[in-house]
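Before any questions on how it binds or moves, here is one chain, the form predicted alone, in structure tokens.
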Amino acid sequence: MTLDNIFEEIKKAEKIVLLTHETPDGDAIGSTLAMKFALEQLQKQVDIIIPKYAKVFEFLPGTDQIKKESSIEKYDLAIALDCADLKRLVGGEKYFSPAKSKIVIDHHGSNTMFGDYNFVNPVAPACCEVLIGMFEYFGIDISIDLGTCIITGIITDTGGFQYSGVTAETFEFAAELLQKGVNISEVYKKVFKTRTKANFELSKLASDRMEFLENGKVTFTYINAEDLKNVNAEEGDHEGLVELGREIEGVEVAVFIREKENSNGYKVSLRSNDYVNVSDVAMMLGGGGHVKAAGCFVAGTVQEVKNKILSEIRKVL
């Protein structure tokens, strides 16, 4: 069984590195930190390498131990969390590929199974939900610190338990964490009810630029590099802007694009409400994700990127 193989690889390894995807969200940060706490219970030396992440997650226990890079050239074991493919894995070529053993733990249906051992559950609404079941199987104690990281991933990737991927098991895990003393309401407040001034300014810009297309079924908006500079935006200050469109009555697909520095193109975020599989749309453009939340990178100007995305969306509306 894969879980037994994974546990054997963990037990054998002395130096372990944990990695996640670029522009890490709450599930990416939460799952890497939760895995760190779990591995430390097994007396393992663990490095988390995340060069940049949003300030909103600094409240999480263990963030003070996150490294931007490592001097270790070859780890015994590299674990990729909440990442569907090697090209999106930060430190993939430098730390993951050279490692003696490679494990992938994820919940994306588009996962390319790029590890030696892959434990992927696309039914789980968050990677952190995959982890909590795994930890119970391994006999890991769910401490308050570990549980706080787990619930952060679950809350952020389910939009506060509002998305259709939420299952009865999701609430069972949440109840279990609550019983252990995890302050779920405080985590919710930190990740959803606290925003930076830059995020507020960007949301105003994105709202003002919002276009309604395809008889109101699609919204499109954008933020460019100059906007980010003008509001002194930091990592993660653009998070949540794609939801501005999805929340409007009659909208099926929300599109938000953000200019990526020094890349001649835009990072695309896609969200849907009822019937469009935006993961399929993103995959046609070289990306991937979930049925109702996906992303990709598209080269070109705002208008060129918009046209390419709309061309694919029209096929599935």
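All residue numbers refer to positions in the sequence shown, first residue = 1. Remember, it's a predicted structure, so these values are computed and weren't measured experimentally.
Omitted here: the form predicted in complex with guanosine-5'-monophosphate. The next part is about that form.
- Only one of 17, 10, 296, 305 comes within 4.5 Å of guanosine-5'-monophosphate in the predicted bound form through a heavy atom, and that residue is 296.
- The contact residue chosen from 145, 176, 85, 214 relative to guanosine-5'-monophosphate in the predicted bound form is 85, the criterion being a non-hydrogen atom within 4.5 angstroms.
- Only one of 245-253, 37-45, 58-66, 262-270 places residue heavy atoms within 4.5 angstroms of guanosine-5'-monophosphate in the predicted bound form, namely 262-270.
- Contact check for residue 108: a heavy atom falls within 4.5 Å of guanosine-5'-monophosphate in the predicted bound form.
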